[in-house]
Each structure stands twice: as structure tokens, then as C-alpha cells.
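Below, in C-alpha cells: the form predicted on its own, a single chain.
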Amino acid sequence: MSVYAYLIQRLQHAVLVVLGVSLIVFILMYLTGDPATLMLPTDATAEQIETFRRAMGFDRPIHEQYLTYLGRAVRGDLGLSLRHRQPAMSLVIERFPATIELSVAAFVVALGISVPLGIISAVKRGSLFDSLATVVAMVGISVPIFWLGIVLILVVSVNWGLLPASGRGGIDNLVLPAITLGMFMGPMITRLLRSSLIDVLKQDYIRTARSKGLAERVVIYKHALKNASLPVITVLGLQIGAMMGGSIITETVFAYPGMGLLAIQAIRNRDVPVVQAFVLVVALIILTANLTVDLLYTYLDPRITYS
């Protein structure tokens, strides 16, 4: 199968996934309560609520409402925000760069910590460093992300006054949220890279490379690390969804104006169109990330084909 045929097949699957996600989100938001009651003031009369419900089409069967919603969504119209009275998708896209900025910075932190720890732990398996790295990784996996964020704010921002505790501006505003979200992903990458690299270092081609007199650094970074990175790349693709969930918590703790904070505010305000727009954008991000990971496989291991 050629790469173009593979991409077409994956795009067809992506359309089905997005349709499924949109249906699930629509039904769940429908079950949260009467949208007419949520949109109108608390002092609205029963007659006003009923008139509004008929005008907005909320009195129609749910499948008709979904088809109407889907028809607008295909055109990029997910409705107006109930709170901001602006297009819901525009509000989400407006916050998109901030979330991507935070996610990229968190990936840099996670990889900058986990890759060296994973490599050294695998090479020095059973050493004191390996034991310490294992303890650090387990502690990192166990620490709740919101707790770590609050501790960083109290220590670094409040007590030491080194970095701002909230908002978005320069790099200094990004440091604490990136560390918090990066520490959420880093420990798992460390453990997985260590385990994978230990298995690869036992392979025959590694022994052959060493017998040729190649430097240990060349053996590890040029021959072993490339194959050991395949399961790590897989987990990174799967971690995109977890990272988006972590970014919601991180952005809330640090009042960082990204999509996650917008989603939390929308859920609190029962702003249905914004929640729906946010979920669809996240679904597209996860699908794109998984497709990118699949394409990277053939680069890292030419034996993998698009079949």
C-alpha cells in the first residue's frame, strides 16, 4: 500500500471517529439538562422558556436536533457561546496557540528529563543511579498534577518570588506550567525507554557493532536508540490525549489562558457550544498526532510498511 492510499484510508477512519465523538458529546450535553432553562435567566417564566424552546428548535426530537447541529458543524458553525455571544469555534481557536505553546514546552521538559535518565539507567542497569532514577520516576508518576502545580506556585512564586504564578506572557510565565505538565509525562517515558533500551542492547546486531570496535556512544545513539524509540513514540502518541487532560488541570491551576481553561469555564457555565467545539478540536489533535506517529514508524524502522 502506498503512503497516499494509507493516508486516504486513515482520513476515512478519522471522519468516522469525529462523527462518533460529535454524536457522543451532543448526547451527553443534551442529558445535562434543558438547554432552554440553562440559557435563559433564572427568573424566566414557564411561558418564556417554552417560547424560547420552540424558537431554538429544542422541542424537536433529539435526532433532528443532531442532524441540524451536524449540518452546521460541517460548515464550521458550532453555534454562539452562551456566555460570550461569539462563535464557539472562534473562541476555541483563539486559545489554541496558548495550549500548543504549553504542550510543546512540556514535551521539551519531559524529553529533556526522561531521555537522559532512561538511557543512563539502561546502560548502568542495576547501579545506584538506576535505582535512584527508578525511585524518581515512580514518585513522578504518583504525584498528582494539581498538587505539583500548587507546590511550585507556593515555593517558586510566593516564597522565592522567582517566577509569576499565573497568566501568559513571556517565557517566565511558561516555565512553571511546562514543568508541571512535563513532569506528568516524563516518568512514564523514562521507564519505557529504559525497558526498551535494555532489550535492544541484548540483540545480536548490537554485539556485532561492539565487536567491530565501535565506541559505546556510537553503539547506543546510532544503533540502539533508534530501535528502542519505537515503543516510546507509540506511547507519546497515546499520551497526547492524557496530555490534553493534564493541560486542562495545569491551565486551571496557573490561570493559563488556553483551551483547557476555556473548557473548564464553559463547563461551569453550561456553555454547551464551547464544550462541543473544544472536544472536537481535541479529537482532531489526537487523530493528527496518532497519524504522525504511524508515519514516523516507517522512518525509524524501514521494515514497517503501510499494509
Partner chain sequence: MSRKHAMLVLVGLLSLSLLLFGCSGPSGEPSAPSGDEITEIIIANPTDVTTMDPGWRTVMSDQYVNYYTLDTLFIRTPEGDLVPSLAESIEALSDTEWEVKLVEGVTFHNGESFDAETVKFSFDRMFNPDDPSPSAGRFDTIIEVRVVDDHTVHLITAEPDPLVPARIAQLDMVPPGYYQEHGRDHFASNPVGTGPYVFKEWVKDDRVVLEANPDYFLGEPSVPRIIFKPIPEYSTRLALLRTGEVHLIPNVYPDDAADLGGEDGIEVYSTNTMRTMELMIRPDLEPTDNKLVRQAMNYAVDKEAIVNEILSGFGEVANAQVIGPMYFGYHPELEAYPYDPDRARELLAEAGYPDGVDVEFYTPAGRYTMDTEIAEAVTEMLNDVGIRAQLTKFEWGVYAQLQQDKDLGHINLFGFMNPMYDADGVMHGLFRSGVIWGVGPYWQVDRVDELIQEGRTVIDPDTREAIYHELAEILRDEAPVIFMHHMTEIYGARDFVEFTPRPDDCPDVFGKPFMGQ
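Numbering follows the first chain given and starts at 1. Treat the numbers as computed from the prediction; the structure is a model and nothing was measured.
Form predicted together with the partner chain: not shown, discussed below.
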Choose from 233-241, 76-84, 179-187, 196-204 the stretch whose residues reach within 4.5 Å of the partner chain in the predicted complex, heavy atoms counted. 76-84
I have 41, 44 and 127 flagged as a candidate spot, so tell me whether each of them has a non-hydrogen atom within 4.5 Å of the partner chain in the predicted complex. yes
Just to confirm, residue 272 within 4.5 Å of the partner chain in the predicted complex by heavy atoms? no
Determine whether any heavy atom of residue 68 comes within 4.5 Å of a heavy atom of the partner chain in the predicted complex, and answer yes or no. no
Contact label in the predicted complex: residue 223 to the partner chain, heavy atom within 4.5 Å: no
Give a yes or no for residue 94: in the predicted complex, does one of its heavy atoms lie within 4.5 Å of a heavy atom belonging to the partner chain? yes
So which of 155, 108, 215, 120 gets a non-hydrogen atom within 4.5 Å of the partner chain in the predicted complex? 155
Which residues from 254-272 come close to the partner chain in the predicted complex, meaning a heavy atom within 4.5 Å? 255, 257, 258, 261, 262, 265, 268, 270
